[in-house]
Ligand code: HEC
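Presented as structure tokens, the chain that follows is alone, the form predicted alone.
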């Protein structure tokens, strides 16, 4: 008997012996105590059954998410490498390559709560408290633009949160609707006269491309670059360069620490490149939405066309509440709560004037 089968039978036997009837009948073991059953009975249903009492805010969730989840899912739930994205993808489900996230695809919020509480963080499952789980889920909702930054999720308002794709699923009726396919005798040999490649997995590069196929893979067309705004005002840029020498080193050091919240999307320094967000070298004096090679939202491009330039005031307003300053911004970062953090990040970015 294989080890896996033996383990399965042992587990089933143990469960049976722990039941009140079997324990009493066979005189082996004892019935599981109510608290022992409760420890395993942690699933949460879409109607809220099983949801424990507790609450958590977006603000707390941002910190807890950063400490426990961001290493795989990114600081803003944007995903890291092959780890899944948890935010974004709205209005993509009707496309050939939809982005399925908690916000765009999942029909029930209970699925997110249940999964986080029972299985996360990876490698350290079931270590999150009830309140921290509420906070993480609240932050995921915020990252999907489904709640405001002052939102507090609790067992009391849990069912009031309406997921965008709640009506996007149907009852699986294949057992009856496709019964005629299953009852038919399957074809096992010579089922088609010819076999030919009709589509290619160009993204994954897995479609065979030899002398027997229908030609080379066509390279995907390059995306048209978004129209850029005019270059930053030279006078403003020169003023920033002159001011760098007067920056307080202690403030810069504090800014480097605070900037860790930004590093998931933005790079600075030698070799900085555009990632999820644009690189931030020579930011001050730059017209909004004008950096070559990065596709900005329409709002920020329009602001740049109006002549708005990044300086201390505009950056401070943006960092305080990004979504209020630039409507429709891709950034899911809630913003810095403390003025000293904004001042520190500003000082830090000024050291990258070139």
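Worth saying up front: this structure is predicted, and the values here are computed from it rather than measured. We call the rigid core whatever largest set of C-alpha positions still superposes within 1.5 Å between the two forms. Residue numbers count along the first chain shown, from 1.
There is another form of the same protein, the form predicted together with the named molecule; it is not shown, and what comes next is about it.
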property	result
4.5 angstroms heavy atom contact with the named molecule in the predicted bound form for residue 344	no
Proximity of residue 283 to the named molecule in the predicted bound form, heavy atoms at 4.5 Å	yes
Residue 265 within 4.5 Å of the named molecule in the predicted bound form, heavy atoms	yes
Close approach of residue 84 to the named molecule in the predicted bound form, 4.5 Å, heavy atom	yes
In the predicted bound form, segment of 114 to 122, 168 to 176, 185 to 193, 152 to 160 with a heavy atom within 4.5 Å of the named molecule	114 to 122
Interface residue in the predicted bound form among 93, 272, 71, 146, criterion: non-hydrogen atom within 4.5 angstroms of the named molecule	71
Joint contact, 44, 58 and 134 to the named molecule in the predicted bound form, by non-hydrogen atom at 4.5 Å	no
Heavy atom within 4.5 Å of the named molecule in the predicted bound form - qualifying residues of 35 to 50	none
Core superposition between the shown form and the other one, C-alpha change of residue 43 at least 2 Å	no
Residue 127 C-alpha shift between the shown form and the other one of 2 Å or more, rigid core reference	no
Rigid core superposed: residue 145 CA moves 2 Å or more between the shown form and the other one	no
Closer or farther in the predicted bound form: C-alpha pair residue 259, residue 68 (3 angstroms or more)	closer
Cα-Cα shift for residue 68 and residue 260, closer or farther in the predicted bound form, minimum 3 Å	closer
